[in-house]
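First structure 1, then structure 2: two forms of the same chain, each alone, as structure tokens.
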Structure 1
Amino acid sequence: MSAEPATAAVHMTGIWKRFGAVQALADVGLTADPGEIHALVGENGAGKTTLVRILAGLERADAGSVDVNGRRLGPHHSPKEAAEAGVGLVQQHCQVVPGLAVLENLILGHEPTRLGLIHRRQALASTRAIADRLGYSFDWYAPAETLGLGQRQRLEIVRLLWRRCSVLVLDEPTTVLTAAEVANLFEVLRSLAAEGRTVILITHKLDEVREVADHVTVLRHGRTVGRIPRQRLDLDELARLMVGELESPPVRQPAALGEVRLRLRGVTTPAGEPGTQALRGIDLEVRAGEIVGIAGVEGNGQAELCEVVVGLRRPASGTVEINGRSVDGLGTRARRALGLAFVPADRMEEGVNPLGSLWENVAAPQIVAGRGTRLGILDRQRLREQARAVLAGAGVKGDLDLPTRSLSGGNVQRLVVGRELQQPSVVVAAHPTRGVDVRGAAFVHRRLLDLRRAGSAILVISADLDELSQLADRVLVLHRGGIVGGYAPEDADPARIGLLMSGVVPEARP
């Protein structure tokens, strides 16, 4: 039985929210008690993120009430009011203030002072202690904008703990963490709950729900369809509540390899840039009809490898070829014209314009390439019709004129994948199913495998070794900017992979 509103840490009732023609939430409720880890689950677009953004004061509910620690928040409460009540939120797409250091971003708005000056030594000591407890490390004085997506999420988690929030809301916090980091995070969350704090955990990973959740609230199509205590938790039933019946997962057929379509020879990038990992002599080939996976702990050169291939970073030495042509000196637009498609790791910052409409974001590559005009005038009608078809094929629902930021993170990813993976000859996909539910991940995997069968050359960067095993014909391991080894998924040896990811090259087997 759930706690009464007077004793619950969080009690949300009758929450309604509409974005244009989309009813995001309809009479939704959420109750979480002090000292519990409460999982909030549902497929992409179910309304999970919208609900917690309302709790944190980042969105206004059309109707409903919100109580935190027995305190009724106003109908349109602000983020400040939510924070004062004890609510802290780690969002999927963490933002930093450019121009400020990592430490300055963390303490911004809550700076400890001494004699009227910011007490940096005290701030550093306390924040470093929390980071060490989580197993995180930062260059505290590096520019915050150099942090990768995973590092930004970790920084946000440290920020909540440093600010002593009593209600911690984490939106897909494990998406960019390794298995060891996830285990460490769960230990911390359990200790926080034991101290009386409340943790609300949004996740698509049902094994995480089973491992840490005391209660589960399930949303589907913007409505609450279940609240399940741990002792009655059945993962099969939970999956059915979330998404209904699922199609069979896609199957990877034997590869029919063709010519080399993507080749890197001796690629290096300059060292010394804060927050980046220099590439060290990358040699890499991807053939038509092949998926090559890149594994490794995040921050070992994955972002830099993507940037070099798509034209966002110039190598200090070495060459990049697409379809047999050197693209050294060519920008992203020219590389796209050669058949390159790119699914970026950070969909909100690099994949879409959040303020732009759905159809504008789908049509953006055509507009940039000058293909969306008729007699020199933007052909809006044709572009909108094409966008409607792409969105329908990707399973994204919503008015074409809705701002893209109104979509869930998983549906933004569907938009990007649907837009990019039409008929490219070369694909670079970075963490293509990060933060995507089971149904969405199956869509992405099916699309990549369809392109592989059609003869595309595909490079997939992922921290999810299971995903690489399902997709890749072969996997290369990146460590400190260099390829230290590889393996075929069918011959995967977890111990050997772990050694490679830690930089230890195992001896060749007899």
Structure 2
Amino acid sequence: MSAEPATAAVHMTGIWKRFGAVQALADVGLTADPGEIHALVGENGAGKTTLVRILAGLERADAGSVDVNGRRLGPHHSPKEAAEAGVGLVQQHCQVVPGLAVLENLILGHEPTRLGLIHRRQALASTRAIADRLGYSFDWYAPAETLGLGQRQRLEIVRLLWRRCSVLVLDEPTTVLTAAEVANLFEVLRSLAAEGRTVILITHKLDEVREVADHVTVLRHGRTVGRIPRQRLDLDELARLMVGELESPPVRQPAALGEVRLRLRGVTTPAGEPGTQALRGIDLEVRAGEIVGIAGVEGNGQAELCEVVVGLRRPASGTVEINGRSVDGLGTRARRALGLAFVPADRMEEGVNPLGSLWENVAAPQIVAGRGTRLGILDRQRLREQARAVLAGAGVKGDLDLPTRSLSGGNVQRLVVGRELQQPSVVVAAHPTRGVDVRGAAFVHRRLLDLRRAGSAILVISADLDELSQLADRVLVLHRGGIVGGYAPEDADPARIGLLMSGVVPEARP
């Protein structure tokens, strides 16, 4: 390993990065050689994306060094410097400019010209040569917005090669691809590596690692926990490294299961919408007094599942029942009136109105339902009193009239949880403790467990497996819009869960 700095295509050492209260990266290193495909794996929030954003100059490290092709690049380099050093990043959702042709999108910013006009023939010839070599074909003059996500990714790869990139970084490229597209992508990555380029591939999917990676770097909670060459690759060990040791679930009373409060039957959403994962025949039941966890890598349908239950997205087929009654024709307001509560993942966008006052944010469900209003006029005194009580119960301090954006993220979540988790019949909570401090998380968990005891039916979606172990009576694993398996927290096997989440459906084990 000691000879590497001289020859490595990418050599990052001692990288530290902090976002506010969160230490995203702590003394992380990444070394990749020319001609290799280097997989960077880890759970959500492990720091993978932050690390490559630092490499690409999109983020500045607090400390550490970055060398590319033997030259010191930074830790504080600009995106332009990174590009000039040959680093190119393919983001997960490649953006295109709609209304511009595919070719125009590709050459934007570096247009070849002749006689003051764009030299389209030359641009086409040079880019097509690259595309042909990779086995890609495009309708070069079609509007770029007609490209699917897979095509956009290919376009981006061609663009980077056209810009003479020697280090290609792909951030979870396969989550948006079909199986055939994935196979094709890997073939291309292999040929690029064979040309002597370096490919850094971020992924959650261990079967992909097994398939293409020459080296694997594993991150967990912002630290490097392993660097494994291909020949020593063992998927079970890799899964364990990624997931870590799961905390054993707390001893608690077994669930006193009641009737089914939330039921999804064969829920499917249309495929092909950019930026969303279609749900594929979700069947799900949550009973009174039960917490069901949904585990999985983000972007596998969690957001869509929430939206379908809450009434923000209409399924193409299948039904949703709340308290035994079909709610397919009902909007969000009517579903909430049936006792549905929702703790959304994006709390600043969906959980609160940051411009609204604290009391109005707490009173929003009452206002929507027309409670605490007389003839359409708000009973401010009553609503404010209620809000004061809710905020006190949630441990949020602050003037009732302050705008909600003045709260810290943790307090916003306390507000949301305090508001939503009063006496709901059914709860959908998405990533309820993400980015929340330890005491805040404990408060949220306590609330959820209290509601379980009180007989609510609770669906918790989380990328944090420890959290699910703490809370859930049973956990289902979501992958590519379908439920691919499940487990009980008592006999959770990190390796098996890691494989399930990675899309490797493990053969039945004893």
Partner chain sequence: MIWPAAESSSPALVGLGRRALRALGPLAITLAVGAGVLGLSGRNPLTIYALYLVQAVGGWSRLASTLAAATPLVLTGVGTSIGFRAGFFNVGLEGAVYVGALATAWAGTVWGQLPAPVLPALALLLGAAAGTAWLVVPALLRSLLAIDEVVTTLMLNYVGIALTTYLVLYHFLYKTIGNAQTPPIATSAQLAPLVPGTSLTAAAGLAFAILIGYGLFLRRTRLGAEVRTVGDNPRFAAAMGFSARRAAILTMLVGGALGGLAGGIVVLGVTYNFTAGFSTAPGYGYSGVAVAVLGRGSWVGLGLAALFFGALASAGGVIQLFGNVPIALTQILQGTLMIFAGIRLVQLRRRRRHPATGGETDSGGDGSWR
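The model shown is predicted, which means the values in this text are computed figures rather than measured ones. Think of the rigid core as the biggest set of C-alphas that the two forms share within 1.5 Å after superposition. Residue 1 is the first residue of structure 1, and the numbers go on in sequence order from there.
Open item on the list: Structure 1 or structure 2: which matches the form predicted alone?
Closed with: It is structure 1; that copy is the form predicted alone.
Open item on the list: Please determine whether the C-alpha atom of residue 424 is displaced by 2 Å or more between structure 1 and structure 2 following superposition on the rigid core.
Closed with: No, its C-alpha moves less than 2 Å.
Open item on the list: When the rigid core is used for the superposition, does residue 204 move between structure 1 and structure 2 (threshold: C-alpha shift of 2 Å or more)?
Closed with: Residue 204: C-alpha displaced by 2 Å or more between structure 1 and structure 2.
TODO: Answer yes if the Cα of residue 480 shifts by 2 angstroms or more between structure 1 and structure 2 on a rigid-core superposition, and no otherwise.
DONE: Where the cores coincide, residue 480 shows only a C-alpha shift between structure 1 and structure 2 that is less than 2 Å.
Open item on the list: Looking at residue 374, what is the CA displacement between structure 1 and structure 2 after core superposition, in angstrom?
Closed with: Core-aligned C-alpha shift comes out at 2.6 Å.
Task: Core-referenced Cα shift (Å), residue 57, between structure 1 and structure 2 - done: Residue shift at the C-alpha: 20.7 Å.
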